[in-house]
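This document opens with one chain alone, in C-alpha cells, the form predicted alone.
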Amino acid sequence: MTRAAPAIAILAVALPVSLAAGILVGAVPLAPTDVLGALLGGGDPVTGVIVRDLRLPRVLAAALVGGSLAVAGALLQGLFRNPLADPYVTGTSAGAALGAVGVIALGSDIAATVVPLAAFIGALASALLVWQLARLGGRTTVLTVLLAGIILTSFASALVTLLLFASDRLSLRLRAVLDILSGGVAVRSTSELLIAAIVVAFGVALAIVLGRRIDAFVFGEETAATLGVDPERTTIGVIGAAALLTGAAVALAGLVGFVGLVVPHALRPIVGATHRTLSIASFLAGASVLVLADLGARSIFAPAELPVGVLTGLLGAPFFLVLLVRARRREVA
C-alpha cells in the first residue's frame, strides 16, 4: 500500500478536477462564477437548467460508468489471470446490452426502473458462460477468452438486431437503443442515476472485499485452495461483482469499450497487482478517464455530440492490439 499511496492520492485529486472540467466546459460557454452559482441553487434560470439538469447528471453518470468498468476489468483480469479480459472484450457488456434492449422492447412504462436489473442479468449470464468456456481443457488461455467473447458478442448483436426488426416499441424508442449500442452517456431520470450509484457502490465494495481472495488466484485455483480460499465461491463472487458493475455501466451509457481493459492494465505497474488496492485506483482513474473522454466527445464536433463509445473505441483498439501481440509472442516463446 505504501507504494500505491502516492498514486491513489494523485488520482483522488484528479477525479474532482475532471468532474469540475466536465461541468464547466460544454457547447454553451459559461463563466465559472455562473456555474458555481447554478450549483449552489442561484443564478440565471437558464444557466441553472444547463448546469444542474444537463451537465451535472451526465458528468456524474460518466464517472460512475468509467469507474465501474475499470473495476470490472480488474476483477475479470484477476479471475481469468489474463490481461486481455475486460467487460467489452469478454462479451459481458454485450450481454448486458441485450438485457437492457430486451426490457426496452417490453414497454416504456417499466424500462426506467428495470433496465439496470435486466442489464445485470444479461451481464451475469455472459460472464458465467465465458468463464465456463475459458476453463475448457483445465487451462485459461488468451485464445479461449477472446473466442468466447467474440461468440457471445456476435450472438447478442444478432439478437438485438432481431429485436429491432420484430418490435414496434423499439422503433419508437430508437434513440435509447442507439445510445446503448453506440455508447452514449444518457441520464433519463434521477432515479436511474441513483439506482446505478447504489449498484456501483455495492459492486466496488464487493470487489474490495474479494481483493485478497483474487490475489490467491495468481498461481491457479489449486494453489488458492491450499491457501484457504474457496475457488468456487470466490469465482461466483467475482463474476457477480463484475456483472453488477457492468450492468450499471450499460444501463447508463451502453457499450463503452476498452476502459475496463486499458485502465487496470496501465495501473498495475504503478500501484501493484494487489487487487484491493488496484480496485480503488481503477475506480478513481476510470471515472476521471471517462469524464474527460465524454467531455472530448461533447466538444470535438460541438454543438453536435460524438458518442463516447466511439472515442474510447478509437483510442482503446490500438492499445488492445499491442497487448494481443505481446501475449501472442509470450505464448510462442
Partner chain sequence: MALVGPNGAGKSTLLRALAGLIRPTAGAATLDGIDIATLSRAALAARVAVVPQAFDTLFPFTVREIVTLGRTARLGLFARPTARDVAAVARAIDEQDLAPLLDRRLDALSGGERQRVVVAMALAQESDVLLLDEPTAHLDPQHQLGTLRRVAALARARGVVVLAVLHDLNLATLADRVVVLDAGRVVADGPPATALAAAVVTRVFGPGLTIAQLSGRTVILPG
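Here the structure is a predicted model, which is why all the values come from computation and not from measurement. Residue numbers count along the first chain shown, from 1.
Just so you know, the form predicted in complex with its partner chain exists too; it's not on screen, but the next bit is about it.
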query	finding
4.5 angstroms heavy atom contact with its partner chain in the model of the complex for residue 155	no
Close approach of residue 82 to its partner chain in the model of the complex, 4.5 Å, heavy atom	yes
In the model of the complex, residue 178 touching its partner chain (heavy atom, 4.5 Å)	no
Contact flag, residue 276 vs its partner chain in the model of the complex, heavy atom cut 4.5 Å	yes
In the model of the complex, the residue from 198, 227, 151, 117 that sits within 4.5 Å of its partner chain by heavy atoms	227
4.5 Å heavy atom contact with its partner chain in the model of the complex for all of 77, 216 and 231	yes
Option from 205-213, 178-186, 245-253, 158-166 whose residues, in the model of the complex, bring a heavy atom within 4.5 Å of its partner chain	205-213
